[in-house]
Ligand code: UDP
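One chain follows as structure tokens, the form predicted alone.
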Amino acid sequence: MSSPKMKLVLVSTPIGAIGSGRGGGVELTLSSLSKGLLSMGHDVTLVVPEGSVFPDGSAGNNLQFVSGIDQPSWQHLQNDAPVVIPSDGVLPKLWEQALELGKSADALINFGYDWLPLWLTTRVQPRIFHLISMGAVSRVMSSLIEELARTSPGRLAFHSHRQASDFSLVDEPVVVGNGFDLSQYQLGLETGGPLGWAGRVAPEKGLEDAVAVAAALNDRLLVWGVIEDKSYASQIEASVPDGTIEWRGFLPTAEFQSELGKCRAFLNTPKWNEAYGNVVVEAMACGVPVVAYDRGGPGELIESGRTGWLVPSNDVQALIKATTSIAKIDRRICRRWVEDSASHHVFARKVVKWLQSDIGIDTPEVFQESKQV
């Protein structure tokens, strides 16, 4: 039984154009969900910052571009920082456009971790839903998310149970995971390649720990991602022998997965609770086992001893030991896990179920994620 088709408006993050890398994992989430929804026959419009690019065609043809100054990311502000919207900021302009489109839509889905769309939820007629992309990194944001969870719990969804546990929620959270277009990721069976790491190069991502593993094993670490903190990157590079780090930059998915698939292991070393862990799943989609700290979303994604290894947070020696045992992991099982749990089709069905449950449309049950906490 197919679900009723909906008219949906997806509103992008205001902290950077899609394709720039500044939007972090939200960029891939938005692209994947759009493609999954379109494949189900839903009418999808994307409201995105000017300059956004979807090279794989995942956005379809219905794009609304909005110009304006990028919004500062809450991730880089103090926990008690106030709400700040730049003059000529893109955030309010995104929502002016979205609310106009929302007059004839079934739902608006917000991908931006920001105050304004959350505040608007109970004050406007269009139905606004929020896929929360981070944990509790801001007091004002946490308060608003927790208030909305009390008054309109059906309007919130999270990527993982561990992310949701950052907040004081009255009801059981809706957890939808994330999804990936697996036609863009090829299984690699090479087992003798270098180590890999990917993410924004900033202190909260813990790159120094992955570099320490590579140095201890006299190995090479490929690093993909936007360098947000150049001083931090320089300090790390100076701390290890020349040639330990190979900076690969922020690459389009096709190039990234091609290089990633040649790695023998992928290291994930965040110093904070990741909401999900997109790069962890991208690695497994290429058949690359993951060695990660057992915290945040990755702690729910990795089956230790089967698709990689989980080790205690901040324990570099445990990372080193686990990396030396990576040959025990069958790369085909890593890929199979992603096919079963994190394709863009699976993701889109979960999101549709969430939306239609709140709107009041009956759909087949699809929330089957276990709570590995």
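Note that the structure is a prediction, hence the values are computed from the model and not measured. For every residue, the number given is its place in the sequence shown, counted from 1.
As for the form predicted in complex with the named molecule, it is not shown, yet the points below apply to it.
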Interface segment, criterion being heavy atoms within 4.5 Å of the named molecule in the predicted complex, picked from 207-215, 247-255, 120-128, 89-97: 247-255
Can you tell me whether G25 touches the named molecule? I mean in the predicted complex, with a 4.5 angstroms heavy atom cut-off. yes
Taking the named molecule as it sits in the predicted complex, is W224 near enough to touch it, meaning that at least one heavy atom pair lies within 4.5 angstroms? yes
Classify Y232 as contacting or not contacting the named molecule in the predicted complex by the rule of any non-hydrogen atom within 4.5 angstroms, answering yes or no. no
Hey, in the predicted complex, is R295 touching the named molecule, heavy atoms inside 4.5 Å? no
From the list H161, R200, R264, R155, which entry has a heavy atom within 4.5 Å of the named molecule in the predicted complex? R200
Between V176, V279, A285, L108, only one gets a heavy atom within 4.5 angstroms of the named molecule in the predicted complex; which residue is that? V279
